[in-house]
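Starting off, we have a lone chain in the form predicted on its own, written out as structure tokens.
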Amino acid sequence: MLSRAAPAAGPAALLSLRGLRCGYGQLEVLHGISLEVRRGEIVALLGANGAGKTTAIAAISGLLPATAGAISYGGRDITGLPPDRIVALGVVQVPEGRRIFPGLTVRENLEMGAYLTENRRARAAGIERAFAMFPRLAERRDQPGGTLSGGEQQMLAIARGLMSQPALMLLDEPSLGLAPIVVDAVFDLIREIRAGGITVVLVEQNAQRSLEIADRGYLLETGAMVLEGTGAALLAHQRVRASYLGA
């Protein structure tokens, strides 16, 4: 399915944006965008640099206030909620550039991801789950995060996000700056995260790889939503192929 129209909200929608407008100061970046993410999906958000992808992620996370429109999660209006409340509801962002704490050890970085979990046993169990999922991090548990390779830091950023046991994970450019073999591992990991029951919104410069694993995708251009469809349909679309796939 491929459409230029705004998606209709369905009963299975976990996240929906309706007519969302936001920006920075007097500069409006998103001009009334709408999208829907259904429970259990991987949804790719595509667009050139400056299209508004990271702005959309920041608005969903509560880091950027909406000037118009609405954001709902799990049937609840979360527009205007502070970021910590949104995390507590089960929405976690893994930001572009990883943004780990370089002076803290791997274990301490993971503990920071569980700051809302007061039970010490639950935090410890979460760390052990992270080490089981990321054996390389387990080997480096006492090593400062800033000494890890780029790929290892990305693993740590994702593992830190998983520490709060989210239902929805917002991944912003997870493969940026990584070697091809590490990029393969990152996309395998995204599939694994979804297989574990977590819904994923994926902002990613690698349109080909994103659409290959996405159930659906949206194309954002200069702050407006211009295309929506299945991953396969967008891969085959002439506009996407010409602008983002080098065809």
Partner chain sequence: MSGRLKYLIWPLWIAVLVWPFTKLRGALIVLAAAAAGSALLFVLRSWAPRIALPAMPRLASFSGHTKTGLLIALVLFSLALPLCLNKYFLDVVVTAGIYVVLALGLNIIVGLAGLLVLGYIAFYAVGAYGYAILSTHFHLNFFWALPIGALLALLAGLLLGLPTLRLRGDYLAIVTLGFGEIMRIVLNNWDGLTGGPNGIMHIGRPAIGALALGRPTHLYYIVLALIALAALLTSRLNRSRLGRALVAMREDETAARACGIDTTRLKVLAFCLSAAVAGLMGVVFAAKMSFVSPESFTFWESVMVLCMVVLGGMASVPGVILGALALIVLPEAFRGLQHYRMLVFGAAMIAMMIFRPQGLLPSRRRTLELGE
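Numbering follows the first chain given and starts at 1. Worth saying up front: this structure is predicted, and the values here are computed from it rather than measured.
Quick note: we don't show the form predicted together with the partner chain, though the next part is all about it.
Taking a 4.5 Å heavy atom cutoff to the partner chain in the predicted complex, the contact residue among Gly80, Gly74, Pro144, Gly150 is Pro144. Within this chain, Glu128 is remote from the site of the partner chain in the predicted complex, having no heavy atom within 4.5 Å. Among heavy atoms of Leu104, some come within 4.5 Å of the partner chain in the predicted complex. A residue is said to contact a partner when one of its heavy atoms sits within 4.5 Å of a partner heavy atom; Val182 fails this definition for the partner chain in the predicted complex, lying far away. The partner chain in the predicted complex comes within 4.5 Å of no heavy atom belonging to Arg136. Stretch 61-69 is the answer when you ask which of 200-208, 30-38, 213-221, 61-69 has residues with heavy atoms within 4.5 Å of the partner chain in the predicted complex.
Of all the residues from 158-172, the single one having a non-hydrogen atom no more than 4.5 Å from the partner chain in the predicted complex is Arg160.
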